[in-house]
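One chain comes next, on its own, written as structure tokens: the form predicted alone.
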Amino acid sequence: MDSNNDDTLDIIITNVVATFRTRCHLNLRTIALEGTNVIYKPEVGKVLMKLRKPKITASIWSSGKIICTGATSEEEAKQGARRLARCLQKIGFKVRFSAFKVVNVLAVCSMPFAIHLVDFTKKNRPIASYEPELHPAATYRIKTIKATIQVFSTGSLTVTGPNVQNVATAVEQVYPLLFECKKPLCK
């Protein structure tokens, strides 16, 4: 970070998406009739189940695959997935919690300065793209850690990556590049 500015950047995780398998076939109609906080979507072939604590929403397929969204940390996602498996066990399925994996993390971060997006894109042309007619942010992709950063002119960043560590690494990598392209302060 900047040597004369010791402020740390707050990276706020807004969504963690995780998947797991139950290793058994699930009857969606039974879940819809006997489960709590469920929405049955037979046209799509899934059931949505919501938990209040941790606040997550799960998409449940009859094959036993479950996708959990809405958690704000990897630990919360795992806790929510385990609670969901327990709810399915209470309904009567022989659920075995397996193959848990965090597949996506969405975070937001705000830079303490505004950014000149055209300069940023010109200096980082192969990995940065900016189409102001399509989207108000410049897109910066880091293929080595599979992270994508949306950079807005206000200094706001939206970061997606496969896990929390990669999201933090992506912000650390892009900070010096953004600092070079900061807008001068208006007086």
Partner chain sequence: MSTAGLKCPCCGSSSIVEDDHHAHRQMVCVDCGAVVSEGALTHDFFEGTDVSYSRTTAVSKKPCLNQIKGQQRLTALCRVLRVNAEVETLSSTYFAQAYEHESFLKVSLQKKENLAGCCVLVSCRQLNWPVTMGTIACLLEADIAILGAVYQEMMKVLKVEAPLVNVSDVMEAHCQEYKISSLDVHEDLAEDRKDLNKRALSLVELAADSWILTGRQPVPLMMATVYLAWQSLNPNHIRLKVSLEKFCLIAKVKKNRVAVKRVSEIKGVLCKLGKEIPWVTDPVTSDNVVKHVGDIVKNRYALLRSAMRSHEEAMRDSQEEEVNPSEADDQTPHATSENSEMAEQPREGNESNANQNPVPNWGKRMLFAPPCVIHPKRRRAALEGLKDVTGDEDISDGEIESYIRTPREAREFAVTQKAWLSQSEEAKCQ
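Residue numbers count along the first chain shown, from 1. Predicted model, so just to flag it, every value in this text is computed and none were measured.
The discussion below concerns the form predicted together with its partner chain, not included here.
Please pick, from N27, S63, T36, T144, the one residue with any non-hydrogen atom lying within 4.5 angstroms of its partner chain in the predicted complex.
Comparing distances to its partner chain in the predicted complex, the residue within 4.5 Å is T36.
How about A32: is it within 4.5 Å of its partner chain in the predicted complex, going by heavy atoms?
Close contact exists here: in the predicted complex, A32 approaches its partner chain to within 4.5 Å, heavy atoms only.
Using the partner position in the predicted complex, report whether M49 sits within 4.5 Å of its partner chain, counting heavy atoms only.
Flag for M49 set to yes.
Going by a heavy atom distance of 4.5 Å, is K101 a contact of its partner chain in the predicted complex?
No, no contact at 4.5 Å.
Does E43 reach its partner chain in the predicted complex if we count a contact as any heavy atom within 4.5 Å?
No, E43 is distant from the partner.
Using heavy atoms and a 4.5 Å cut-off, decide whether T19, R21 and R23 all contact its partner chain in the predicted complex.
No.
Neighbours of its partner chain in the predicted complex among 106-127 [non-hydrogen atom within 4.5 angstroms]
Stretch hits, in order: S110, M111, P112, F113, A114, I115, H116, L117, V118, T121, R125, P126.
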